[in-house]
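Presented as structure tokens, the chain that follows is alone, the form predicted alone.
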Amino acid sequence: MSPPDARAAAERAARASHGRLVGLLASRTRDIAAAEDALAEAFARAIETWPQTGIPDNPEAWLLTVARRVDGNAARHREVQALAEPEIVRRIDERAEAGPATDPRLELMFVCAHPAIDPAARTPMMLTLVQGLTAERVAAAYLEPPATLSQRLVRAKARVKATGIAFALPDRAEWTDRLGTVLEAVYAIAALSDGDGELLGEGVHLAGLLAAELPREPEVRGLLALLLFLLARRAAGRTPGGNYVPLEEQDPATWDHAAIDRAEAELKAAAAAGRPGRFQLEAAIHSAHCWRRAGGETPWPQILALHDRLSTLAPTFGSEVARAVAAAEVHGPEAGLRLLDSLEAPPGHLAHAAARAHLLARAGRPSDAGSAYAAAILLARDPAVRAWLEARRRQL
């Protein structure tokens, strides 16, 4: 096997196993930083070793074995050396078969959501630990300097070790205080996926684990429905050649209808509780967008009504931008522009800039629209999205 193949295999194992392995390693010592260091060393050894030995049958078990040898004191070192790989494989499989209650990723997320952790660090900490996203990528999503976020994460990890937070799912009485933060992090995984089906699928998986733990919690099932809607349309967001396709231009026949049906069932189960929340309303909006698969038009008045409820109940900047777009569809582009211009856009917010450019073009203001498209193009990190914006600008 060539070194590039070994590196690619190690990277795949990193994406698939990072959260599980950090959770398993840190559950003994509560030292998250040391667990990350040990895992990084294990990945480095994989890149060095696998070209000669081949990829092991169970890469996760191999990485866990090496990381445990790197991490810890002499007693733990001897214990790990004494464990044969089949025994480690058996333990990993037992944890997977035991169900969501023992999944180390869920345990790790609830550790990060502990009240003792700085609220500003909780979701970024989950994203870097559970999903293995870099601090640079998370910092870009939160529009803050990477160094600032990195320092916050270092302090949060030290806090976990100093306070001795248990690496286990909390008692049900404690779930309420932490659940909102965990749901936000799972949603953020999807928001950061940028068309990465594997990352979005991981968000769906984590939401499913939470739904299995809390089947009567409507916001959990609402989040699962929302992510399923996003997953169902993910492939339709790109042409075979890789060009970006916005939602309104997608062919409903290319959507994953089985995933949409599952999402509708989750949303119906959530709505039966009679306790609407942010994720249920967002899922309902996406459900309305899926009406086109039955041959109908997009029901913009209903979508705007849902956005108005969401604006009252749990507004976010992104949802307010989408509300302005819906208002433009119902009441005309000037109505949408008034809503957009009433928002205080944070620097670098692509959706706001792109929506404003689109509505200015619809309002018959090509000069203003051209300037707005130019601003949006500068913000677009995805080459396909940038090319789509440039094409829209040329069409003016």
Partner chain sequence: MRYAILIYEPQSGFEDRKSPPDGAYWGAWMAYSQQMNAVTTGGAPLEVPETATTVRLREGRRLVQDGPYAETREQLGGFFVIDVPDLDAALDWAAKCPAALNGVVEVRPLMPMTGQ
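Positions refer to the first chain, counted from 1. Bear in mind the structure is a predicted one, so any value in this text is a computation, not a measurement. Whichever C-alpha set is largest while still superposing within 1.5 Å between the two forms counts as the rigid core.
Here the subject shifts to the form predicted in complex with the partner chain, a form of this protein not shown in this document.
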Among 304-312, 201-209, 321-329, 114-122, the stretch whose residues bring a heavy atom within 4.5 Å of the partner chain in the model of the complex is 114-122
### Query
Is there a non-hydrogen atom of D171 within 4.5 angstroms of a non-hydrogen atom of the partner chain in the model of the complex?
yes
| task | Although the partner chain is absent from this view, report whether A162 comes within 4.5 Å of it in the model of the complex, heavy atoms only. | result | yes
4.5 Å heavy atom contact, A258 and the partner chain in the model of the complex = no
Item to complete: Examine A166 and determine whether its closest non-hydrogen atom to the partner chain in the model of the complex is within 4.5 angstroms.
Response: yes
The partner chain in the model of the complex has a heavy atom of only one listed residue within 4.5 Å, and of R152, R262, R178, R292 that residue is R178
- Using a superposition on the rigid core, decide whether the Cα position of L209 changes by 2 angstroms or more between this form and the one not shown. no
(message) If I superpose the two forms on their rigid core, does the C-alpha of R159 end up displaced by 2 Å or more between this form and the one not shown?
(response) yes
